[in-house]
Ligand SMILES: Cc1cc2nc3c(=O)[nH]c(=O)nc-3n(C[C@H](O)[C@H](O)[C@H](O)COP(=O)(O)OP(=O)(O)OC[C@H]3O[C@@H](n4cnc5c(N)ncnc54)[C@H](O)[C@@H]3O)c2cc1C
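Just the one chain here, laid out as C-alpha cells, in the form predicted alone.
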C-alpha cells in the first residue's frame, strides 16, 4: 500500500493523519549528507548559535575540516530538543525526540567518518496492539500494525548518540549558559552579545535555534531581518508540545492508543499514549503521552506539573476504567512549551514549504547563515536527523564562499 492510500484508509477507519504522516516521513527519499572533498576557501572563525542537533552537527563538521569555531548554548546542557533521563526506568528515557524516522544508516551519515561505525542497538518499532479513543469508546485498530514500522533506540537514546559520537570531539568549544541577545553583522565581521554580558566576534555565524525563538524576536539582528525572512517565519507553525512518562506496577494498555478522529487530519494534532518500554526487554511498565499541536495546550497551559499529571491520570482512568490510579508508581513530565529556549515542539510547514525554506536559508550579507529541523531542503523537517542533515549543505557553503 502506498502512503496516500494508507492515509485515506486510516481516515476512513477514524485515525487522524497527523501522527502517521510524521512517523512515515522515512518514506521520503534519503538525503546523502556526506560532504566529500571540496576546496575550503574560508580560514576565519565561525560562531554557532545553539547546541541542538543542527548546531552540534555543524560543529562536528567544522572540526573535521579544521575550522575554528565556538558554540554558544543558551541552556546548561547540549541537545536542545534531544534530552534524556536515565534514572526513571531500567532503560533511558527520551524526554524529547525519540523515533528514528528513516533508515538507521542516517546515524553513520551524521558522523560523516567512514572510520567510525555507529554501533547502536536498535529495535523495529511496529506496534502490534493499536487502539483509538474517540467519543468515550476505546476501539481496536490492530490492522494498522501491518502498515506501519520504523526504528527506535533500544538501550540508548538520541541524546546518547550525540553524547557518544559527536560531542566528545567538540566539547571544549561549547559555551553553556550563553543566551544570545544580539547578532550584529553590520561591520566587516559579526559581533554576538549574550545576556550575561559576553561579546564574541567571528567572520561568520550559523544560527540553529528553534524557529520559535526567531519568530518571537528573542534575538535582535543588526540590521534587522529582511521582510521576506520574517514573512517566511510567520508561515511556519510551531505548536505546543509535551511528553509525560508514567510508570505502573502492571501493564493494562495497548502498544499504542491514538486520541482523536477525522478532525485531526485537518488540525494536525498528534496525541497518543504509547508503551515506552515496547521491545526494550525491560521489566518496567512505562506508558507515555506524546502530544503536539493545539490540543497540547490542554496540558501546557495548566501552569504546574502537578496539575498536568492530575489531568493525564483523570483521562487514563476514564480510558482504562480506573486502572491508571490503581497501578500508578511514578511520573516525569517534559513540558517543551515551558522551556525558555525552545517554547514549543517542532516546525509544521503549510503550503509553499520549499519557498519558505529557501528564503530562510539565504544568508545575511554572506555572514549570517541558518540551519535546523525547520530548514531541511530534502523534506526531512521536524526530525532529529533532518536537523543534523540541514547543517551539511550550509557548512559546505560557508566554507566554499570567501
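Numbering follows the first chain given and starts at 1. For clarity, every value in this text was computed on a predicted model and none was experimentally measured.
The form predicted together with the ligand exists for this protein as well; it is not shown, and the discussion that follows is about that form.
A heavy atom within 4.5 Å of the ligand in the model of the complex is found for one listed residue only; from 61, 342, 356, 46, this is 342.
Between the ligand and the residues 237, 98, 184, 275, the one pair within 4.5 Å by heavy atoms in the model of the complex involves 98. Taking non-hydrogen atoms only, residue 243 approaches the ligand to within 4.5 angstroms in the model of the complex. In the model of the complex, the ligand lies within 4.5 Å of some heavy atom of residue 158. In the model of the complex, at least one heavy atom of residue 346 sits within 4.5 Å of a heavy atom of the ligand. Within this chain, residue 73 lines the site of the ligand in the model of the complex, having a heavy atom no more than 4.5 Å away. Here the chain stands alone, but in the model of the complex its contact with the ligand, taken as any heavy atom within 4.5 Å, falls in 370-378 among 370-378, 356-364, 61-69, 38-46.
Along 199-238, these residues reach a heavy atom to within 4.5 Å of the ligand in the model of the complex: 208, 209, 210, 213, 219.
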